[in-house]
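Just one chain follows, in the form predicted alone, and it is written as structure tokens.
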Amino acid sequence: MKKSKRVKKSNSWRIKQHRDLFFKKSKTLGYRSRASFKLIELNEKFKFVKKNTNLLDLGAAPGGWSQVASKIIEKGKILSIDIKPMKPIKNVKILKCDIFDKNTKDEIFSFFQGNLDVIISDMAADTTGNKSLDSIRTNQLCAEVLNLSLKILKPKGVFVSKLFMGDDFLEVKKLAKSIFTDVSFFKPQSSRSESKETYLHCKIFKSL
């Protein structure tokens, strides 16, 4: 009985994927995931990825965001990091490691030489089946990267990250506003309507 329910749930997910407009578009246009359109929309609104941008992509697998960025960035550098493996992307350096490991931070410094313009993060914690807990854990990742940005991002840099509406949303918002002068939120049309995700866009450290 339990197995039957799991099969039905799996089939339902597959049917939903094939009916999804952005899923179909990603396949047609050769993008690695439907999430590619989220970065496209975010950049159309905030214009933070340019041809000379130095960009760090966190939680990057399967590489949809780095793929989009690589089509825009001509003179800048892209470093893509995830604990999961990724297939190569032209003009993108890929690291399979933990972003919060000290050695990883050293790699970032070495790669950008202190000249990092933009951090983008579509990281989400592994799902547990408890939506409230999953939201909290993903938002904690966002908070950790916010704190990390102080150490690796240029003073006038940009930080963009996934965030979930939930119990600790206001805490992360407060943290962002304590670090950056300009903080805003945006939910792309390519985000599923039932999803509680939104995206945080921040720029320019308050220490300036």
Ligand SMILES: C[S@@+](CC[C@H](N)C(=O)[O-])C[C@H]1O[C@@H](n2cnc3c(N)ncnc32)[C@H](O)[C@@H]1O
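Numbering starts at 1 and follows the sequence shown. Worth saying up front: this structure is predicted, and the values here are computed from it rather than measured.
Same protein, other form: the form predicted in complex with this ligand, not shown, and the subject of what follows.
Put simply, of Leu175, Ala35, Leu148, Val183 only one has a heavy atom within 4.5 Å of this ligand in the model of the complex, and it is Ala35. For the options Lys87, Lys90, Lys84, Lys102, the one in contact with this ligand in the model of the complex, meaning a heavy atom within 4.5 Å, is Lys84. Stretch-level contact check against this ligand in the model of the complex with heavy atoms at 4.5 Å: of 40 to 48, 149 to 157, 165 to 173, 57 to 65, the positive one is 57 to 65.
Among residues of the shown chain, Leu133 is not one whose heavy atoms approach this ligand to within 4.5 Å in the model of the complex.
Among residues of the shown chain, Leu141 is one whose heavy atoms approach this ligand to within 4.5 Å in the model of the complex.
Interface membership of Met123, defined by any non-hydrogen atom within 4.5 Å of this ligand in the model of the complex, is confirmed. Within this chain, Glu74 is remote from the site of this ligand in the model of the complex, having no heavy atom within 4.5 Å.
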